[in-house]
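Okay, here we've got a single chain as structure tokens, the form predicted on its own, with questions on binding and movement later.
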């Protein structure tokens, strides 16, 4: 019998656990460790954040699903990994601190034969003074954050209806943030809601981003081939913003936030202040606070984790100039080096380098989007790692790992406004692959599968994905037939 432990119950961790349970059956154990008792379909937090959906429409409790699937669930925070075990047992172990209110603060050690680290991001609001729900801005990173964002947004609309002009700032709250696509989607929804409320003319809407130019999205931008003509995601995004009257400030690093004022530096080294009435700014991501120890209790955290807290995997982390980075540097199997039984997927793995060109201001401030690793790619990685574990349990530890490189994987960003079947619009982008490969494609990506579209079709896709993925996450009949 083998014991498999999955850290995290987000898109990646939950996907891995469901596939492990489906493939391994009851003769092996699958245990999920997560500090949260609810699963959240994070992409739809955008709709919650403007009041188009309720919290209950994007979350559900994990416990009943796991009991039905024979998966053990520990509501706890993982704090340390012991890949060599300890003095009592050479098997790997994870130290946890329980977060279940009935057992809060209690500690335990869980043994594993295989481990998947899918802990997701640590939301580093503290990286910028005054950022986040405990500061002076709102967020849509969690369902609860989105509920508060919607409440404050309703107040803004009420003021606009009373004739009070409002300045709304949407974007990222630090020079090294990722998830620019989420900020883009939120500003698209804000603009639509303001128009539907009949108050758009009184609102100044500003998109504040660390992207050097619009349309970068942390992936270096895209080239679209439409009807034989090529355009760029830069032109596409600029046109979209210009049509909707959204102002854009690019290449910005938010330094600090005070009540109704955001202070930021731009790539030219200049410092600016911007007054606002409402601001939704996303935080930078870091790895969660996980330590690692050998069997004697010596700290080996630096062997398993990069300085930013993300776990090292089968990537090339050699320091070299941006121009020398290649698609081959990116991981394929997500195995932790030296451990064929430990994997890191989704946000939890350390990317080998930026996808967007890293830039610094004349003051030495790094202003560069971090590589996105969420959504569809995280689900594909998780399934791949889970199936590798299944292979090694059923066929032997020497079984080769399965591959899921982001240099061969596509992704989509669908910024959809409205939640009805007959009303709604979307700005939809697809790219193939996520990490550009200039040795294969002149533009870095396959132009047949890299495009940008506007209209109702993309909205239908987004709405369909919302219901399909919640159905899938609940493990309902045939769930595994829905692609990651």
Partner chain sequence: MDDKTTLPTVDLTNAPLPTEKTLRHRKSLIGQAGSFVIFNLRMLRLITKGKH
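Numbering follows the first chain given and starts at 1. Remember, predicted model here, so these are calculated numbers, not experimental data.
Keep in mind that the form predicted in complex with the partner chain is not shown, yet the notes after this line are about it.
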- Can you check whether residue 224 is within 4.5 Å of the partner chain in the predicted complex, heavy atom basis? no
- So in the predicted complex, does any heavy atom of residue 476 sit within 4.5 Å of the partner chain? no
- Item | Distance check, residue 460 to the partner chain in the predicted complex, heavy atom within 4.5 Å | yes
- Item | residue 57, heavy atom within 4.5 angstroms of the partner chain in the predicted complex | no
- Task: Heavy atoms, 4.5 Å, the partner chain in the predicted complex: which of 313-321, 347-355, 402-410, 299-307 makes the cut? Say which one.
- Result: 402-410
- Message: Is the partner chain in the predicted complex close enough to 42, 109 and 295 that every residue in that trio has a heavy atom within 4.5 angstroms of it?
- Response: no
- Task: Have a look at 125, 264, 278, 217 for me and say which one sits with a heavy atom within 4.5 Å of the partner chain in the predicted complex.
- Result: 264
- Partner-free chain; cross-checking the partner chain in the predicted complex, the single residue of 197, 327, 274, 80 with a heavy atom within 4.5 Å is 274
- Query: Can you tell me which residues in 429-464 come within 4.5 angstroms of the partner chain in the predicted complex, by heavy atoms?
  - Reply: 429, 430, 431, 432, 446, 448, 449, 451, 453, 454, 455, 456, 457, 460, 461, 464
